[in-house]
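Just the one chain here, laid out as structure tokens, in the form predicted alone.
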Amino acid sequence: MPRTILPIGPYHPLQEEPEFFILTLEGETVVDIDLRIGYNHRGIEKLAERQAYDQITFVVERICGICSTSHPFAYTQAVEDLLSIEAPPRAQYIRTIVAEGERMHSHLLWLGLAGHFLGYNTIWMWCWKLREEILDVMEILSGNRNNYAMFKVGGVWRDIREEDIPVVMKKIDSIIPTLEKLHKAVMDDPVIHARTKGIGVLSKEAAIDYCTVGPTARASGVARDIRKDCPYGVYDQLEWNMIVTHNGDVFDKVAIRIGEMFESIKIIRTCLSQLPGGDIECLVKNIPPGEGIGHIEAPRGECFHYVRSDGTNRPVRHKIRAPTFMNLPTFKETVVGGAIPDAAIVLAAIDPCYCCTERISVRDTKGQTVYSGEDLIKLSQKKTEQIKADMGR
């Protein structure tokens, strides 16, 4: 059978960020996929080497608006590991509350977009309404609806006021009935089942082979969650369940995220009811030479930061590994063999975040020269001028 090439992207109405997929088709069946990323030109790791340690917290917060707590959480843990310190108990509770609020608004955003991809805009609107309630909660706690600016090395910037706790509790409780209705709609609707069950299957063996993380791994029966495996914050002091399913299809990835939102509500309520007194930060004056790592369970999976210090007020190396970096290669398993109409939802099922993943360092062909940010700008400008000349402008 003759083969056809179908490009998706780099700009496509069903993809939130620029990325380029080249599908090879035999009739309506996908027989191969080539993934091209790199359309978000970012230099976060290089920028971090020019910033003081407290400034870097705000830089990594802007890697992604939906992961604006995940990266600061992992980064501050890396520096605290380097310093061999821990944030005070009250700060750990506040960090956990903010992280779970972000998990809820991230999962609701993904679920709403999934409904939109499937043409089920009722779910999209429900999710957006619920997400507004979560963002209201985050605004009460931090003063911001996104990019919360709560984390700092050694603790948090802002305390939770006692008078805000009942307000947040009431808002959290008000979310539950609609979330239950949403859960019932997804679990019972035959159209959703037809469009998601058995679609984009990633087996447990493949999930392990690809080293997948987060809901992508847990939907395939891989019971891994950094909150359980390497506890941080106060997760080891709370009662909550890791949600694991075993079919590895798009439906299970939906079910995982809905289940995790109920657990997040449980965690937030427990943290607010048990919030201890005391300081919200410990004093940090100097960063000694050394290295540290921090990893946390972001909404998409393990977010990893590595920091190396030479004793100055800036790191000499800052390395970030986002969860999407680990989950992207699974497309070879989940898309190949499927039909064209399923490709978009399967690609979206891992909840990809390309702005988290794309941080570049460019070398020449012999690997001897590393181009700086200024060099890349000059190369881009030179290329633009060449394209304009070629077009006769």
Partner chain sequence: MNREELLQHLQERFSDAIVGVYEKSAKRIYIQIQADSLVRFAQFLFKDIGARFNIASGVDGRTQMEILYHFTVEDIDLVISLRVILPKTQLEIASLTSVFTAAHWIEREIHELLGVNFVGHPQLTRLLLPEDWPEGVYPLRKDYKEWDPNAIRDRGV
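From a predicted model like this one, the values you see are computed outputs, not experimental measurements. Numbering follows the first chain given and starts at 1.
Separately, the form predicted together with the partner chain exists; it is not shown, and the next lines address it.
At the 4.5 Å heavy atom threshold, is Asp229 in contact with the partner chain in the predicted complex?
-> Yes, Asp229 sits close enough to the partner chain in the predicted complex that at least one of its heavy atoms falls within 4.5 Å.
Is the gap between Tyr93 and the partner chain in the predicted complex 4.5 Å or less for some heavy atom pair?
-> No, Tyr93 is distant from the partner.
Would you check, heavy atoms only and a 4.5 Å threshold, whether Lys152 touches the partner chain in the predicted complex?
-> It does not: once the partner chain is placed as it appears in the predicted complex, Lys152 has no heavy atom within 4.5 Å of it.
Is the gap between Leu82 and the partner chain in the predicted complex 4.5 Å or less for some heavy atom pair?
-> The answer is yes: Leu82 has a heavy atom within 4.5 Å of the partner chain.
Every residue in Arg158, Ile172 and Met242 with a non-hydrogen atom within 4.5 Å of the partner chain in the predicted complex?
-> Contact check failed for every one of Arg158, Ile172 and Met242.
Let me know the one among Ile176, Ile208, Val167, Met187 whose heavy atoms come within 4.5 Å of the partner chain in the predicted complex, would you?
-> For this set of options, the contacting one is Ile208.
Scan His183, Lys204, Arg224, Arg269 and let me know which has any heavy atom within 4.5 Å of the partner chain in the predicted complex.
-> Residue within 4.5 Å of the partner: Arg224.
In the predicted complex, which of 303-311, 259-267, 245-253, 279-287 comes within 4.5 Å of the partner chain (heavy atoms)?
-> Flagged stretch: 303-311.
Contacts with the partner chain in the predicted complex, stretch 275-303 (heavy atom within 4.5 Å) = The stretch touches the partner through Glu291, Gly292, Ile293, Gly294, His295, Glu302.
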